[in-house]
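Coming up is one lone chain in structure tokens, specifically the form predicted on its own.
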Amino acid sequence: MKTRQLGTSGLEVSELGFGCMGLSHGYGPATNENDAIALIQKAYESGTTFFDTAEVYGQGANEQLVGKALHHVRDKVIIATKFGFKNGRNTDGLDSRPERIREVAENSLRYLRTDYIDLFYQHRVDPDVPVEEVAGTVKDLIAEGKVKHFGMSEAGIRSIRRAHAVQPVAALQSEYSMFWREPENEIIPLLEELGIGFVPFSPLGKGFLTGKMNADTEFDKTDWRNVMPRFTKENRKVNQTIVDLVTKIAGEHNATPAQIALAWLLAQKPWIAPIPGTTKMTRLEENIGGADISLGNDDLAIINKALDNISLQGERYPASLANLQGR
């Protein structure tokens, strides 16, 4: 797999990373540990060098999986993890106090079986802690050799500018896909201006763009899509229009809808590195194939014109998960 530079930070990653969250958190029961480790290792063997985890994905459980899977190739991979939630649970509120950042860093180093974190993100902006203080704390961790690069997740333009002035932000991680294009309005132009890389999470629209679900799909009771407005039965029925579009384009390129969705993201900017996740080996192989699909300017113009004419229904998050919306 080819590599990309995340902005001007000097951080080089595989053009497609692997989002490890779903192995432990968010989309139903945790994957069997041996199967999860095998999946992560298969991703590495297939050319993936960029792996994404976080404290909040099972309160360290996901980081431990990543550590077990990759410790023997630690110098050949880029591992990103995150801090920012109280007690390591996204239901307990935000906490980016300097002492908490340091606590999470030490835990993550232990869980990941490493002595440095390649990319340490603030998972969500904490309104009670100035971002300058957050950036300054990570700057100190970088000076101590415990962290290599600073990142932010779902941050707004003011927060990014303020943090970047204290410690350069190497990458922003936020949701971006054909299913959620809001970053195109202000975020992407700002990242280009400041030389910050972009790491889209949910690049397959939380699975919707794969074409493997419809209005009748039933989610596991622990799957958080059950509470997301965009994934109600009624909204999935309306939003099927975008799946039909991606499926049509896929047929024209001898590809799958998931591969087209990933190829579209890769074509947006050379400093974008999406992190699709999966719990299935076949889906992993399919996703990696998305890096081999090349969409030309004519393809992109046709796709974007069609996307502009599709009105998607439903909010990303319910009010009860307001702390995940970003600031």
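This is a predicted model, so every value here is computed, not measured. Residue numbers here begin at 1 and follow the sequence given.
The same protein has a further form, the form predicted in complex with a small molecule, not shown here; the description that follows concerns it.
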{"item": "Candidate spot 124, 275 and 283, all three touching the small molecule in the model of the complex (heavy atom, 4.5 Å)", "value": "yes"}
{"item": "The small molecule contact at residue 287 in the model of the complex, heavy atom, 4.5 Å", "value": "yes"}
{"item": "Distance check, residue 207 to the small molecule in the model of the complex, heavy atom within 4.5 Å", "value": "yes"}
{"item": "Partner proximity in the model of the complex: residue 57 to the small molecule, non-hydrogen atom cutoff 4.5 Å", "value": "yes"}
{"item": "Contact label in the model of the complex: residue 21 to the small molecule, heavy atom within 4.5 Å", "value": "yes"}
{"item": "Which of 197-205, 93-101, 126-134, 233-241 sits within 4.5 Å of the small molecule in the model of the complex, heavy atom basis", "value": "197-205"}
